[in-house]
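This document opens with one chain alone, in structure tokens, the form predicted alone.
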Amino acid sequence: MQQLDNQEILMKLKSQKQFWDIKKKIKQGFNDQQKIGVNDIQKFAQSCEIEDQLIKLISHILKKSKKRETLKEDQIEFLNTSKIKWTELLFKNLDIVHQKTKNQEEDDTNTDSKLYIYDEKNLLAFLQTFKQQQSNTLYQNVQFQSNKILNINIPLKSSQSILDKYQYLLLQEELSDEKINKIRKQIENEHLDIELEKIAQTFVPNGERCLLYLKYFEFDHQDTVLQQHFAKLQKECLNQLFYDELLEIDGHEISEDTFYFVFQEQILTCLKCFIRDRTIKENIRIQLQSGIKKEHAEFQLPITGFFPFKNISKYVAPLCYLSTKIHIIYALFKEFFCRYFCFLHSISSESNSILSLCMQIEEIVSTRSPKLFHHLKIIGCDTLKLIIHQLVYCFIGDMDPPHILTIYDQIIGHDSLEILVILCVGFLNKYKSKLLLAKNQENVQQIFSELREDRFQELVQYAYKQ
């Protein structure tokens, strides 16, 4: 990271509205006083909390100036090798999918809905191979525990620290109109990450959520830029790609959801632009696939650097409730994916990665609900197989849009995906009594095939029950 010098910090401070508000406040505090010493300014700044505001503002500037490099290599070598293997597997899947599409073109009666390169089940199955291959030289220095699917020796936060972090959600009460209006004004006037995160952690009024997201991602004064970028991508969509066909199939599936069918066209447009967006590769926080090129292959990785996957549409869908402007929906989706959702599809030891989140869930369930954990194992239905869909797709399709957007709030509020661990544990605890009566996988499938309604606050409450 390149350090900013004092002059650069001052220039950036002057570009912030809050800087001029602070300056105005100081000027008003001293009125026409002729002699003003440094000590006078310091005392006044401390008494009015201006000093604290200025420190936060400088911290905000330094944080924003820090360019995050895309994580390409993991600190654990076997995960780097595994990522290459995963990419090679996806290329094979791509060849199979391409052949299926050719067959469909030749035979209209041959329709195969499974036209996707991979889904969450494929991803979990691949992660499970880490343990199955522990005798392999690649895994000779990796420790495993036999009672868990993914207990690999990677750096993990303590499960208790995650439970402690989100425990405040148990105490949240319905806010009065006066408090809600106060939060609205805060969102309208606030620009600092740390303050926006605090608001997102507690409560975001529906009408202000889009503004909070735009401010947090620093898009609030870039409407024209976002519009121009999206228009450019739309023009590129005139040239058809093979991946468009897969996205159309994926978009058709989201159209069957009663909450999102009206947005089918917007979702598909966003996804087609997404796989053509050259800026994603430089902004994404982690490399999803290894970037290898297959010689003589008909298709290579898209310009994004990774393959589109089944249900990618789900990540866009809830954001359609935030704005009628498609370029805003696209910008928010792109930012959420590049900052957060990318980790749900990465082979990595990072704390937000699918591997780490799965291991945290297994740890909490096995220690806090051991009876359920072992029962599921006995009937051949492991814990992770039950929640992998909810985990990878952030409960989209399992909860109503307002509850999903509350999840998005929490992700921003903590700059982390760990809220999904809490919700997955709560999900299993909610259906614990029924699951303990299940005698086989068919019984389990029947439980979840029944009409059900899951709510954010409800699952949080269940997560802390033992």
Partner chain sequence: MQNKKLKWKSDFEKSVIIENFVNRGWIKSQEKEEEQTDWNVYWATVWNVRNIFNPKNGFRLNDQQIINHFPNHYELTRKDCMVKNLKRFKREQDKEVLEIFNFDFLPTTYIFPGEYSLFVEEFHRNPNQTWIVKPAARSQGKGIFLLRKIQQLKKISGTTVTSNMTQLNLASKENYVVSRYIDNPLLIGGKKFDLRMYVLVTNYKPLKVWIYNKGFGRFCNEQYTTDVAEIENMFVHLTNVAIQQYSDKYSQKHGGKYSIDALKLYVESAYGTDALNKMMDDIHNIMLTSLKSVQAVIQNDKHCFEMYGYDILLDSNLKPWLIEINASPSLTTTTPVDKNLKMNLINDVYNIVLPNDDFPDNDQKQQQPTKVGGFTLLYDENLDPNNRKTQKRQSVKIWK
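Model, not experiment: these values are computed from the prediction. Residue numbers count along the first chain shown, from 1.
Quick note: we don't show the form predicted in complex with the partner chain, though the next part is all about it.
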| property | result |
| --- | --- |
| Gln266, heavy atom within 4.5 angstroms of the partner chain in the predicted bound form | yes |
| Leu170, heavy atom within 4.5 angstroms of the partner chain in the predicted bound form | no |
| Partner contact for Phe242 in the predicted bound form: the partner chain, 4.5 angstroms, heavy atom | no |
| is_contact(Gly397, the partner chain) in the predicted bound form, heavy atom dist at most 4.5 Å | no |
| The partner chain in the predicted bound form: contacted by all of Glu256, Leu322 and Leu405, heavy atom 4.5 Å | yes |
| Contact residue in the predicted bound form, from Arg184, Lys100, Arg285, His229 (heavy atom within 4.5 Å of the partner chain) | Arg184 |
| Residue among Ile96, Val225, Ile194, Val262 with a heavy atom within 4.5 Å of the partner chain in the predicted bound form | Val262 |
| Which of 358-366, 202-210, 119-127, 383-391 lines the interface with the partner chain in the predicted bound form (heavy atom within 4.5 Å) | 202-210 |
